[in-house]
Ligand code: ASP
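Below, in structure tokens: the form predicted alone, a single chain.
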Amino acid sequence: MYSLAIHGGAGTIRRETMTPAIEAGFHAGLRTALLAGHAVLARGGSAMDAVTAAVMALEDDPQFNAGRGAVYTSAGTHEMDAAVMDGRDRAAGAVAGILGPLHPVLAARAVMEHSEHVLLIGPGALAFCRANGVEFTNAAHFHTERRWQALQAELARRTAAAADTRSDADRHGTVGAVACDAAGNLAAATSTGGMTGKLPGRVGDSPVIGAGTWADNATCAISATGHGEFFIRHAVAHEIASRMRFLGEGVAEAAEKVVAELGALGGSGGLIAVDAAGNVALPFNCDGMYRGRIGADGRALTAIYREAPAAHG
């Protein structure tokens, strides 16, 4: 039984500032990504193709911090990270600190499929992508006024040495997808613009295999979102897989325990996970997480805050 789960980032707009129109926009964006991935699975496609399609849809949506909606570094530039992993053989590809590829997730997939490496960064990654036919676009494509103003507000706060009162949504964001296809194969994909005002050269957990991205048919597929430094230090994605492998925990139990432990240590965020039976887990320890799931029935269920995912639109 195939299934797909997605996230558009942990940490959401506060309820008191969320309008019906904004909320509807997020649900619509999540639904579009779910249906893109489901279309692949419904025709017998692979989990890898499904997560790629879902993440590409999220990268095209400026509401989310990836691709077109990526946040700015402290230098006013874009540096994007992405990763993919195939649960059949643990093949993986990732890129970090790039600007140019229209879909960073396709850059990561090119690394997996056309190189002997797992992670490429910066100018070398861009040269590799050009040589392997990854579609590029200009820098203006990734500019959004909302993200630019968020950077200006953060730089002003730092100049004034004011207390950091930003919401989790203002601090970070990521998009991702995990899937189990009809053959029981798993895959994961994650893409991000990073943290608003991050130092140029900073790399978070999204392209780090075992931290923000993981897939292994023997256990689970995971895409994480949140304060990346914590996810790296605690090898969150691999920790969940290890709990399943060595403690015999189910995907929901393992994922929920690790996310709760991370929160107790100060790590804000969440993740999506799926096992080879198609069971999905969507835990988070912050105010909300843009998320959704879809199965063979084709019903796209989405949620933002603590409510259970439901059909919208």
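The first residue of the shown sequence is 1; numbering continues from there. All of these numbers come straight from a predicted model, not from anything done at the bench.
The form predicted in complex with the ligand exists for this protein as well; it is not shown, and the discussion that follows is about that form.
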Checklist entry - Is residue 226 close enough to the ligand in the predicted bound form to count, meaning some heavy atom within 4.5 Å? => result yes
Checklist entry - Wondering, does residue 93 line up within 4.5 Å of the ligand in the predicted bound form on heavy atoms? => result no
Next on the checklist: I'd like to check something about residue 204: if you look in the predicted bound form, is any of its heavy atoms closer than or equal to 4.5 Å to a heavy atom of the ligand?
Outcome noted: yes
Checklist entry - Going by a heavy atom distance of 4.5 Å, is residue 101 a contact of the ligand in the predicted bound form? => result no
Next on the checklist: Within 4.5 Å, heavy atoms only, which of 129, 195, 120, 211 is in contact with the ligand in the predicted bound form?
Outcome noted: 195
Checklist entry - Which of these stretches, 110-118, 226-234, 149-157, 178-186, has heavy atoms within 4.5 Å of the ligand in the predicted bound form? => result 226-234
